[in-house]
Structure formats: C-alpha cells, structure tokens
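This document opens with one chain alone, in structure tokens, the form predicted on its own.
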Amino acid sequence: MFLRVLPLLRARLIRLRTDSPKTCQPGDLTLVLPSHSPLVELARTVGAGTAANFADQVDADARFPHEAVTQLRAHRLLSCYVPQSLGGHGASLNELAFMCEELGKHCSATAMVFAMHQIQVACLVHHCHDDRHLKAYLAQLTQNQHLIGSVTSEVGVGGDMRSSVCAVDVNGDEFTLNKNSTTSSYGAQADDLLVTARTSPTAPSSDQSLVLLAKGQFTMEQTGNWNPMGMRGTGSAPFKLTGKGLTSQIMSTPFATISARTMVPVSHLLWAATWVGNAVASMTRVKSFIKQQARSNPGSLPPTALRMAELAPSIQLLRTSYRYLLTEYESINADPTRYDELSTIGYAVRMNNLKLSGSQLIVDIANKALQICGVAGYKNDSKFAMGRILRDAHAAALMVGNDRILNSNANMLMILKGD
C-alpha cells in the first residue's frame, strides 16, 4: 500500500507545484487547505508508516530516527521550504507546520528533527537576500538533501542564545571558530551546521553572527552522553566544535535580526505544531481505549467518555493558538514594510506566551490522557501506552527553559505599553 501511494503523491505534488498555486484564483488549488497539500500528504505517509514503525525502537535505544529521515530525504522534503526559483517546493510555513503535526502524531523525535532542520532552512531563506553563496547553498540543498543542525547553545552563557563566547576569527577571506556547546540536537548526524558566534574575538557577547559550516568544514567531538527521559531520538548531546570556512559563509544579517524575525518565532510555531501532533496521539489512544470499553458494554457510554470530552478543548486551544499566530506571522513576513513588527516587544511577548502556554498544555493533555487510560496507559507493552508520549511532552518546557522565557517576559512586560 505504502509503495503504491507514494508515486501518486509525488506525481500530484509535481503537478500542483508546476501549476504555481500561489497565483491561482478562488475555486482552484489555492483553496486547498494545507492539511490536504501533497507535501503534507507525503509527511502523513512517512509519519504513519516508517516513523510510526520505528518510534518505539528509537525511544528505547535513544537513537536517531534514521529510517524516517531517510524517507523524508527520499521525497526531497528536507528542502521543501526552499523557493521554487532555487529548485525547492516553495512550501509555506503553514505547510511545514501541518507536516510537523503529521510526523508528531507518530514519532515526536522525527517531528522535532524535521522542525529544527526547517528552522535553519527558514533562517537561510528569509535572510540570504541576494547573497550568491547562500543562494547557491540552498540550490545545492535541493539536490543533496543535507540535514542542517543548529549550534546555538554554549558553555558559559547560561542558556542565553543571544550571547556567545565563541568568536569568528577572520584571516583574509577565511575564518575559524571553536565552540563548546551544551546541546547540539542530532549533532552526530547533521551534514551542515548553522552556528552562532561573536563577530570577532574582541566583540561583545551579544554582537553575534550566524555562520554556515558545510560538510567537511568542521569536526565535532561528543563530550557527554544523551540518555534523557524523553525526546530520546533527537541526540542532543554536548559537542566541541571546530570549524573553518570562507567569510562568504558568515551571514551578513546580524544574528539579533535573524533571531527576532525568524529563528525565535518559527521555532515556537513549529515546536507547537509538533506538540499538537503529540496531543493528537494522546487523544487517539484515549478514543481507542474508550471504544474498547464501549464494546464490552454495548448501549451505554463509558464514564471515561466524559473525561475524553474534557480533554478535547485543550487540544483545540493548543492548535488554534499556534495557528492564529502562524497566520499573523505569515502575513507580516509577506510584507517587507511590516518586518519591524517582528522586532517589537509586544510581538516577542506573544511568541514567548505561545511557547509557555503550549509547553504546559501538552503535558496537561498527555497526563489527562494517561489518567483516562489508567493502568492500560501506564503499561509500556500496552497498545494504549502513554509512557513515550508523556515523557516527550515534558521536554517542551525544557527546550529553552520556561523560567528563562518567563524572566524575559517579566522584563519586557515592565516596559510594554498597553496589553
């Protein structure tokens, strides 16, 4: 079935992209919801197939989801956000979010790896401008389907992404850098890297650049283990990074701008989308459990069905809150005259609120689902097992710690005018 469906989806994808849906009129393909786009259908197929089949093994062994990522590569989904003019699919951020949801329904680690890779792609797409080198890199990405890792964490900065110890050391048209990261998700599997670093050895810690390192230009020495409670397949171990390249690989846009306009908002939006997928997985188990209860006593509604009804609004709240902000972000990002809105205090607070509320909601949803399924959900060898979902959900509040975000919001709210 899997093999029969994929060629049809690929053919439909090619047909739709060739038709350039962004220029279509009402009544044709522009009205196709992202949930029904060919890209999302491909992600749905990979999620329900390969990702689901290996999710428990990935979790048990705390290993990278090689099989699912190989499938994403095979369908050229790692470059789907690259504009069509550079050979990509030209996906919208809406489509990326729906793809994260679909993968998250089956394997949180696969969804998060996909999301974090696409965040790096978005940084390059939004801020490459007319840079010949960066555009050439994006065009190559559509062919080589390289996985891009992010190295923003660092020993000595206390988890502050907007501060670096590492510095770019330029000599002529080349540079070198050395970085001691606290966590580098899928660092051992990443082909290429985007690295934050001070603009020079004498620059202050907040004067940062985002630097692209391609395969063969860096070495990474793992300095610790990765054996966490949840999100075990992301391989977020600490590494020592040594890299060198050409100065053309240092993005010209200051990292402060890239962070405010793209990295932070896109991260929070795509992370929230993966959490929705996780929440849907919780609800799927709950429904299945209650239906089994109902079959044992036909004609009556199991008492747990009321608890399921109580769970549904939380999932709806999580989904609608991120989609509302996603629509707002896409609207602003499509209009260069509104870019400054992404750097305002009010916008930063709203995006932080999405991360704070979403990371709490997903834990609440997974925990309530466990309570509904009871012992059947508590047992790891049950078809209603909630263990992996619940453990993955707890990672949401720790990815950029909520206390750090609350502290940032507290400072911004003190000077924010209005609500």
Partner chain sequence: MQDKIRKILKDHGRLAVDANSLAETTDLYQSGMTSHASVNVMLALEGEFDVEFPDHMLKRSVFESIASITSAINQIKN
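Residue numbers count along the first chain shown, from 1. Note that the structure is a prediction, hence the values are computed from the model and not measured.
Unshown form predicted together with its partner chain; subsequent notes refer to it.
Novice: Does Arg307 reach its partner chain in the predicted complex, with heavy atoms at most 4.5 Å apart?
Specialist: Answer no; every heavy atom of Arg307 is more than 4.5 Å from its partner chain in the predicted complex.
Novice: Although its partner chain is absent from this view, report whether Ile345 comes within 4.5 Å of it in the predicted complex, heavy atoms only.
Specialist: Yes, contact at 4.5 Å.
Novice: How about Pro204: is it within 4.5 Å of its partner chain in the predicted complex, going by heavy atoms?
Specialist: Flag for Pro204 set to yes.
Novice: Just checking whether Arg162 would be counted as a contact of its partner chain in the predicted complex - the rule being heavy atoms within 4.5 angstroms.
Specialist: Flag for Arg162 set to yes.
Novice: Can you tell me which of 215 to 223, 335 to 343, 70 to 78, 312 to 320 lies within 4.5 Å of its partner chain in the predicted complex, counting heavy atoms only?
Specialist: The contacting stretch here is 335 to 343.
Novice: For 236 to 272: residues with a non-hydrogen atom within 4.5 angstroms of its partner chain in the predicted complex?
Specialist: The one in contact is Ala256.
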